[in-house]
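Shown here is one chain on its own, the form predicted on its own, set out as structure tokens.
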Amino acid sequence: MNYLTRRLIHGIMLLIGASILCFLFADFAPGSFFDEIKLNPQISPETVAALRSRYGLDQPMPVRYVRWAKSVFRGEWGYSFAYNAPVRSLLAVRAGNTLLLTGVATFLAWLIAVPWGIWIAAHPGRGIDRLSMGSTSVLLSVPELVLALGLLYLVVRTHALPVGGMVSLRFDQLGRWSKIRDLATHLVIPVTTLVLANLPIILRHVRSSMMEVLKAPFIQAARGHGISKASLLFHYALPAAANPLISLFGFSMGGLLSGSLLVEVVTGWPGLGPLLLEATMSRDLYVVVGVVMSSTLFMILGNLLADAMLLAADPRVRMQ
């Protein structure tokens, strides 16, 4: 059994475990979606009982779990009580919006962190290194919620960017490039928040990995042969430091995804975060489970991508 197959099986087991935990926690939580309906005097108890039976809420937890698992294989992912529709139709658009947000934030965070981390690793103890470490320490101590609210405050005061939502009201009337520009301006606040929240961790790992490699004997030998500094850093040191950074890449995607749910709620981005909040408040069980499972699936796919990159970069993994 090869490396990627083992990792895939591990991811599938993690999905199954996460789904079971979701149903266990939902079963322990008090109340249900139909409790508020009972307070309506115009709806009879028989009607509420019929609705509970229709959605299987009168069945024990193992029976409900098997019923939900069958709906997953049918591609429905359960049925929403509030929207009276399959959960898949609710997740499709929202998951795409979340992937767009986290994908752009991941790309920008690594695009900034890798060259910056290499540069400060090549100049340890100097002013740029101390300034970078000090600024990242400050950013690490600031919660994502505070970052998002601070950026929103600046935008509201300056009117420089649109606040909330994903597109403008007149989006359908715009041309192709105007639509791209409108979407990009709405992305600025949530993407900047996620980049600022995750950049310090990535930057510090890049710096640490590069500084460790730059002390290696083969780097000293290459420096003694008169190899240029840029070639030494990018052609010799960076490939040697790539393994821990590739592993970090998968974890960073998972961290960005979990952090994006809160940022989406604060900034009004129509992703999985607001949907999860609405479903939790209304106790829409299968929507909550669907959002949690989607987030878990994205995290597993990110780690599988990192595993594939590690397999391609490190021949020792291929030999194992």
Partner chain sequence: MRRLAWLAALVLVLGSNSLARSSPQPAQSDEELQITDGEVGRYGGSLVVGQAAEPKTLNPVTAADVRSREVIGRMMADLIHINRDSQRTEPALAKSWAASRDGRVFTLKLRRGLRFSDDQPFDADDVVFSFQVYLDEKIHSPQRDLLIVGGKPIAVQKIDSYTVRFTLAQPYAAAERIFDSLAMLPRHLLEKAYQENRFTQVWNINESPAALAGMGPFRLKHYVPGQRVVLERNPYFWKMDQKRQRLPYLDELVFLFVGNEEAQVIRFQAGDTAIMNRVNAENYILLSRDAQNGGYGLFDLGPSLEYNFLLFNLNDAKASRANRPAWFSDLRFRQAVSSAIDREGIVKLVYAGRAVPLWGNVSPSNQLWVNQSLPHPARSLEHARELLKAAGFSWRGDGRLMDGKSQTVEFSIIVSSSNNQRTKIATIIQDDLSKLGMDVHVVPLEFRALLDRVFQTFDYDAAIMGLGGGDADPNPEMNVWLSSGSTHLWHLGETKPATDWEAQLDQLMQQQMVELKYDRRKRLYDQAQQVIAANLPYVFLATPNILVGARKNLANFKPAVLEPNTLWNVEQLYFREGSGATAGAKP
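Numbering follows the first chain given and starts at 1. Source: prediction; values computed, not measured.
FYI, the form predicted in complex with the partner chain isn't displayed, but the following is about it.
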Per-stretch contact check against the partner chain in the predicted bound form, the hit in 239-247, 122-130, 222-230, 88-96 (non-hydrogen atom, 4.5 angstroms):
88-96
Answer for Val63 alone: is it within 4.5 Å of the partner chain in the predicted bound form, judged on heavy atom distances?
no
Touches the partner chain in the predicted bound form: Gln173 (any heavy atom, 4.5 Å):
yes
I'd like to know whether Arg67 contacts the partner chain in the predicted bound form, with contact meaning heavy atoms within 4.5 angstroms.
no
Contact flag, Pro270 vs the partner chain in the predicted bound form, heavy atom cut 4.5 Å:
yes
At 4.5 Å by heavy atoms, is each residue in Gly164, Leu169 and Met281 next to the partner chain in the predicted bound form?
yes
